[in-house]
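Okay, so here's just one chain, in structure tokens, the form predicted alone.
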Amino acid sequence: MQNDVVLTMRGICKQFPGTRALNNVDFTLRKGEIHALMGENGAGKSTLIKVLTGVYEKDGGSIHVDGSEKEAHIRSPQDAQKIGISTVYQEITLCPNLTVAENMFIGRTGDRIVHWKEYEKKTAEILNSLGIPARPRQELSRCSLAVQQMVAIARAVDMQCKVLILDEPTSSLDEKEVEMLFGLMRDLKRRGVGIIFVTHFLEQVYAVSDRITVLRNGELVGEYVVQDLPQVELVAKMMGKDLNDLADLEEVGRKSLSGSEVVYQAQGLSSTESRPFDFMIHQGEVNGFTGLLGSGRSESVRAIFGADRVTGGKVMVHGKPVRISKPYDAMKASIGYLPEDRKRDGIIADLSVRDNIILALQVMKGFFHPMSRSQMEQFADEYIKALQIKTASQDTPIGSLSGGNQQKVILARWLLTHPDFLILDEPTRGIDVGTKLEIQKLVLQLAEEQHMSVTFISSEIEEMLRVCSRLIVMRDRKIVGELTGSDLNQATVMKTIAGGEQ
């Protein structure tokens, strides 16, 4: 093997019941290299990292570390650490109530008598050598998130790691903190540490990485030198598109609504999870937020609905100022929201189809004004028929329905409230093609016939182009473009998502 190679993974396979998570994946990391591991949600990034760190046992393939011909057998995270593989996760796994020095050496002393003064001196030397702005006796919780990340990295480096895995390390950091972290990564690179950088932020990849490996649907797309892979081509490879063979989808039901009433408008709207942004939607319009996973599209609509704590901005509904700080406020303003994660935020699995359908309307009426049994049955029957929900009866627990029918039940829940503005976040994810088309047609009918305003989010560009007359493009939690008319085509969407070199 080459002398500069610190990690080689060949033919890695991993299967779960009904799912092939990794299929014959190769990955190579060199000493003193920052190597970005890229791919959309479900591409296999996390599974590959968990195989490498011993969380999952691989079903096939081999792993070699530090140029050794002998295969490394990694059955636990402890095995990984022993051979020089360390991971720093997005969520800090250190102890916030302990000092920086205690976090650096806890679990590593091996002595009955702990010489903390000596460890504090060693910690100071490590912090100084890496340029980390922290003190050995400082409580970790009093450090910024960036410094906590850096302390976790310093601990890994002091444990003689050869391979450092950084899993979404910048997701909670501001721009200044990101640059501080990048400074440390570049320093470790000069010291010969091989770094695997997992992130959804394209601009950060190009700011700090040397190579990129792209996975899609559990398979290797390829390994590329950063300078040889423009951002737009990276987006194409992640999404499985051919830039030279992009055809516009047929425009179905799309129209310009610039002259119609503005139903909802926000200026400088921000939440704990989103940066400030402006947004508006007209009556009867279908628009959408698009961008890669982690771009901020879901966080933006959660801010609109008050699902995350709103921290700033002004909102107008039908031209009148309103305050939306929680979902109930949004519901009172005639806004409905189908969330991205239906199992976590949408369905109540043990309740019946009927109870799930009437839930939002009952909340709006107030639980001291319950609907009669006959009303509930009438509403449920109406929407089961209208949306062709396949269920044995109204009393069937929603948890026993297929994913597509669960999605239809949640959609029925919001349609029953007759909202002026309906937000649909990934309404067709994980459902069959036929049901997808039904939901797409329904969205267009709601806009055309009932003059409902709809914001639609999907990971599939083709689907967005089929239903939306305006696309708001996001990258790194910022709005970077707005596309209408002839710009509504895959090539322009992907170039706008990628930014940089076109």
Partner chain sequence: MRSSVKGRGTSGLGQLIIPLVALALLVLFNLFRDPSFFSISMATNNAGNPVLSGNLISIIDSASELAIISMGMTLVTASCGGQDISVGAVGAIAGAIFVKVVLGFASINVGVVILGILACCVVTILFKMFNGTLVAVFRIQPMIATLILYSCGRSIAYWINGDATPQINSPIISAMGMTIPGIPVPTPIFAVVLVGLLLALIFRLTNTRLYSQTVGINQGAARLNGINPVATKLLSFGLLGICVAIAAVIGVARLGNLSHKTILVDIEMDAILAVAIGGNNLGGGRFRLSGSILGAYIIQMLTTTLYAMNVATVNVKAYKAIVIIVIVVAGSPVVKARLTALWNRLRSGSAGTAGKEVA
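Residue numbers count along the first chain shown, from 1. The structure presented is a predicted model; accordingly, all values stated were derived computationally and were not measured.
The discussion below concerns the form predicted together with its partner chain, not included here.
Visitor: Consider the chain as shown here, without its partner, and state which of 322, 239, 351, 280 has a heavy atom within 4.5 Å of its partner chain in the predicted bound form.
Guide: The residue in contact is 351.
Visitor: Exactly one of 419, 84, 306, 284 has a non-hydrogen atom within 4.5 Å of its partner chain in the predicted bound form; which residue is it?
Guide: Contact residue from the list: 306.
Visitor: Would residue 197 show up as a contact with its partner chain in the predicted bound form if we use heavy atoms at 4.5 Å?
Guide: Result no; residue 197 lies far from its partner chain in the predicted bound form.
Visitor: Could you confirm whether residue 179 comes within 4.5 Å of its partner chain in the predicted bound form, counting heavy atoms only?
Guide: Because no heavy atom of residue 179 falls inside 4.5 Å of its partner chain in the predicted bound form, the answer is no.
Visitor: Might residue 262 be said to contact its partner chain in the predicted bound form, defining contact as any heavy atom within 4.5 Å?
Guide: Residue-level check for residue 262: no, no contact with its partner chain.
Visitor: Looking at the partner-bound form in the predicted bound form, is residue 289 within 4.5 Å of its partner chain by any heavy atom?
Guide: Flag for residue 289 set to no.
Visitor: Given the stretches 380 to 388, 229 to 237, 410 to 418, 197 to 205, which is the single one in contact with its partner chain in the predicted bound form, using a heavy atom cutoff of 4.5 Å?
Guide: Result for this chain: 410 to 418.
Visitor: Can you tell me which residues in 353 to 386 come within 4.5 angstroms of its partner chain in the predicted bound form, by heavy atoms?
Guide: Heavy-atom contacts within 4.5 Å come from 355, 358, 359, 360, 362, 363, 366, 367, 368, 369, 370.
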